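Before any questions on how it binds or moves, here is one chain, the form predicted on its own, in structure tokens.
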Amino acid sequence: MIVDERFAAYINSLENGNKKYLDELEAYAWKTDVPIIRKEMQSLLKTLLVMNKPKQILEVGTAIGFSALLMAEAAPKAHITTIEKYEKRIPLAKENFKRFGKDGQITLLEGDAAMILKQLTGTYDFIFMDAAKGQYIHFLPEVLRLLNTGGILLSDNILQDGDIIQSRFAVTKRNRTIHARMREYLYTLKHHELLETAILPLGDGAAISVKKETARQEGAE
């Protein structure tokens, strides 16, 4: 927990909630140890979607479809493309999209995101990164290619429950690779010439990045 639990509990107590089916799906996920976005991230995600009004959304990391369904409710005019490679969760995600009437709004692509991202040819107004944390830095070049100018990249779970501020020697050996890659990812987000990024200590950490115009575009104006 990177934010005092009392503050988080108070802020979450102010929420007006989601639709009943989302609350039930969230409860199922917690009960079965399926990783889904925390309350704080849900609120931020919905707010950004209302602000951005995207027409095309890309999500990297579907799990059982909770966040895709949440986005479908927050941005009913958008089409959502979501990527998942974990075979055991894909059928349940598909079932949830169909059961809750969102299968026409949400397209699920099955397989390794590293490969699928390279094959995508469209562009997106909003991209939600919520997959394996150690892969974020590898996904970033293709994500930036796919993100429209002025579009938002929202990255979840970037502070690793506070481990990100620790020395690599203070992190357990099995987590050192992820620790190093996430530090590289955050540095790249903050220093990339095409991005303006804010890092927030919210939930397990969130990074909001906006794709800027290129120097050539700016000069043309």
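Residue indices: 1-based, along the sequence shown. The shown structure was predicted, so the numbers you read here are calculated from the model rather than taken from an experiment.
The same protein also has a form predicted together with a small molecule, omitted here; what follows describes it.
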Review point. Each of Ile37, Ser67 and Lys85 near the small molecule in the predicted complex, meaning some heavy atom within 4.5 Å?
Key: yes
Point to revise | Gly150, heavy atom within 4.5 angstroms of the small molecule in the predicted complex | key: no
Check your understanding: Is Asp103 close enough to touch the small molecule in the predicted complex, meaning at least one heavy atom pair within 4.5 Å?
Key -> no
Review point. Quick one: does Gly61 come within 4.5 Å of the small molecule in the predicted complex, counting heavy atoms only?
Key: yes
Check your understanding: Hey, in the predicted complex, does Arg89 get a heavy atom within 4.5 angstroms of the small molecule?
Key -> yes
**Study point:** The single option of Ile80, Ala75, Val143, Ala113 touching the small molecule in the predicted complex, heavy atom within 4.5 Å
**Key:** Ala113
Check your understanding: Pick from Leu120, Ala132, Leu108, Ile137: which residue has any heavy atom within 4.5 angstroms of the small molecule in the predicted complex?
Key -> Ala132
